[in-house]
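First, one chain by itself: the form predicted alone, in structure tokens.
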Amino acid sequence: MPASRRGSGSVTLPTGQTLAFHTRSSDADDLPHATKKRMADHLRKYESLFTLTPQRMRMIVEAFKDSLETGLAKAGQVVPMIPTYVFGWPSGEETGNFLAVDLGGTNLRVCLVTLEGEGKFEITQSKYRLTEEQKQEEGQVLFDFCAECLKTFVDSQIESGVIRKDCLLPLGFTFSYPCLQDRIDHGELIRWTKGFGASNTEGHDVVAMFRKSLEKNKVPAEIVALTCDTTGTLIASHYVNPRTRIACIFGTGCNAAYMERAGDIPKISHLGIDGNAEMAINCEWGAFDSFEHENLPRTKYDQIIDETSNKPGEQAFEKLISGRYLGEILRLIICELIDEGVLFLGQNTYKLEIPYSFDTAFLSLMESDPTDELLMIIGIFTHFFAVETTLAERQFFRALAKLVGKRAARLSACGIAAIVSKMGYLDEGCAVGADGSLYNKYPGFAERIHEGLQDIFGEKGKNIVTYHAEDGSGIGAAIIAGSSQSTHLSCREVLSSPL
């Protein structure tokens, strides 16, 4: 094995002087830069690693369907298929005013939602950025922060006269991490995902923890429903578009939800629920193929990400398709090529060695760069990593970003196809409400999902149409809270005037 060149480029001599250097073989070009031909040779290797054929996709879909069925049949499965106790579709005529709190992977969001009926709504919201330290703090401290932010928001609405003082507000709590629920206002955290690791939270009822923080901060709100952003997206999207049958999140994490007949959920048969009643299922499909790793096309870069994560072996599907990891996949490939003496010879590449320093947003910008000289890529590598690139390298990086992003979208299509196939939606067709930064901002992500569905199903794949979903963590949580409100609260008028 050759000595690692990663981080090479300069050394500091005892005199304090800096000596720059690079390493190349005798058959290399005169300039220490990767040539167009050499980069094309490397690109072919990565194309073979990251390209998903239609046949392979269909195999993944079948395995995915089996995992969904297993999760419905028995508790404690890899894909948990969590019953949400959200029954039936909204009518679109729901009205009222509700608070919603969304603890997401990147931000904490608090909302005041007015449902106006006829699929219409108004929403006022504030957003608070979560630090990496907060994601790892003790769980009760994290919920204290959530309560403090909500208190600030509610106080501002009271001061402006929008919310009436001394009224207990119904609250829908969007908590997008796998929880075990036996009722709508209860949920024990199974495991953290999306890089969270707050201690003393897994195995605990997060509603009880949040209620404790609300009481501590004297917030005039009562949690009446716990949901995840995906279930909320399912309900909110159907409120506006009744053709919606599935909801997906493609962002920092990934997930899906859909409506299932209670009679087709064997693991809750003992509850005596009417078999024809429909209940939303929170799939938590980011866990598909975890531990055994038998079905997904994991590369060595995916394995490195998994092994160095805070949850090795878990969330296998999420680690291949979510926004948290795509940039890191590309960074690991770049570092490998630096080690092999292919890229950035004679330059100091230490900034590229920092894990997760290559944000997935960079991939999005690289793919969207329309200029002949790929100026956006020049800016990314110069500004953030202090390295110069050649045109051949920039073209290679753009093609590599496309491979990584396309694989993520086609794998996402496999998940959608598994639910469509299981539920028999293909012939009639259905709409899929999709949200998240990847779906909304990554160039071509939605189009690649549609291409993937057609590769799996043929022409009938066109019957499945994804679209930008309504705000599940705000509007969806409010609708769900509204359906649960009467059994928890007597205060039904929240606003003193319309928004």
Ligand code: GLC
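One rule holds for the numbers: they count along the sequence shown, beginning at 1. It should be emphasised that the depicted structure is a prediction, and the values quoted were computed from it without experimental measurement.
Keep in mind that the form predicted together with the named molecule is missing from the display, and what follows is about it.
Residues in which of 221 to 229, 198 to 206, 141 to 149, 109 to 117 have heavy atoms within 4.5 Å of the named molecule in the predicted bound form?
Result of the contact check: 221 to 229.
Can you check whether K194 is within 4.5 Å of the named molecule in the predicted bound form, heavy atom basis?
Residue-level check for K194: yes, a contact with the named molecule.
Distance check, N255 to the named molecule in the predicted bound form, heavy atom within 4.5 Å:
N255 belongs to the contact set for the named molecule.
With the partner left out of view, is A236 within 4.5 angstroms of the named molecule in the predicted bound form by any non-hydrogen atom?
No, A236 is distant from the partner.
Heavy atom of P178 within 4.5 Å of the named molecule in the predicted bound form:
Contact check for P178: yes, within 4.5 Å of the named molecule in the predicted bound form.
Could you work out which of T244, T84, S412, Q315 is the residue within 4.5 angstroms of the named molecule in the predicted bound form, going by heavy atoms?
Flagged contact: Q315.
Could you list the residues in 267 to 294 that come within 4.5 Å of the named molecule in the predicted bound form, counting only heavy atoms and keeping sequence order?
Heavy-atom contacts to the named molecule in the predicted bound form: only E284.
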